[in-house]
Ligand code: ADE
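One chain comes next, on its own, written as structure tokens: the form predicted alone.
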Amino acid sequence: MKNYYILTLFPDMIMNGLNTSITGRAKANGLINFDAVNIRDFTKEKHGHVDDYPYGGGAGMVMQPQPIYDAYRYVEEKSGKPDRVVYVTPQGKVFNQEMAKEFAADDNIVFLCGHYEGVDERILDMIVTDYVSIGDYVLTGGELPAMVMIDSISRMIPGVLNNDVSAQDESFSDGLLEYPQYTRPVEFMGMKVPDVLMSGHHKNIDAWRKEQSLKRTMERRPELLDNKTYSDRAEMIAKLMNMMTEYFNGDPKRIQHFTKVYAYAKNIGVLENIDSDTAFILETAAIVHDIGIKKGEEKYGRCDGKIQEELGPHEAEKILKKCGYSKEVIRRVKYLVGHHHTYSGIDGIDYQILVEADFIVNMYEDNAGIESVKSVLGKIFKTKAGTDMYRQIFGI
């Protein structure tokens, strides 16, 4: 059973709120338990005070450490050391669905609800593991945010919802907002339920819901798409780096080469302010651009540029599919891998930057003379960021 302990000055507020609706039913069914621990019960001040004036001056009062510490020790003695102690504060990390899932894995959670101008820093340093906010605004105390988080966390616990599938379909569960919902009547004030929802065709219904989730997210919370895309792509790049390191296992020169080309290409792309889609293609191509080398050495005993361009695209496609890349991205990356030693007819900023990054690394690794270095500058480099970087690296 999951146990919540809420250290508060207003226990009735907590218990009245949580004993209703889903959390109240979950407690009655033995799935969760919550206990509001009154901090005032542990004060040693004869008038029952739990706060005092702040050292150094300032407006308002500060909650004292002793009553909070003793309330916390009461919880420890009752149920053992908690898995985490959450201090509810607008200075904390903003609570979200991923945090709800993470917290749901813990058996015992303590919420510390502050009041007045805050809590003595020493007790925070002693017991708090997580500083959490529910938004960038200030409330009178931590009770409402604590109840919000307990409600959200409890929904992740099997059996709390009558239909556990609903927790998977709600907003934010897959990084998107939830699709529109409809019930009877079929028509209300001239507005009808979409036909697809009454078709009984589950595959079409699922497709419609995914489309509506994406559309709604784009309209109402586009930043969620940006965050999800960034997160997914960063994970794919990391996975690809690992797979390419494994591909060239035992060949540190090749591994170092594509790692350096990737770093230079990414940096030039940022400085040239290319869009995120192009940057993703460029960074991917930089990692796999020389993948044809190994196959060329195995098949022909050599790995010159043309061999790389011949064999590289097919090898790149195989490894990119394993990483989950889309057909559109794979198509462009294959083109870049198949042309990165061709310096005429460059038809895109991703192509141009890849060539520049590859030359920066190759000229150093080949220990090129100063005249060759200068000659390449005028023939190859077109971007300002790449040109400046090349000049600075070789001192020309």
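Counting begins at 1, following the sequence as shown. All values reported here derive from a predicted model rather than from experimental measurement.
Note that the form predicted in complex with this ligand isn't included here; everything after this is about it.
Taking the partner from elsewhere, every residue among Pro90, Gly135 and Pro145 has a non-hydrogen atom within 4.5 angstroms of this ligand in the model of the complex. Contact with this ligand in the model of the complex, judged as any non-hydrogen atom within 4.5 angstroms, is confined among 178 to 186, 69 to 77, 257 to 265, 127 to 135 to 127 to 135. Screening Leu271, Met241, Ile157, Leu139 for any heavy atom within 4.5 Å of this ligand in the model of the complex leaves a single hit, Leu139.
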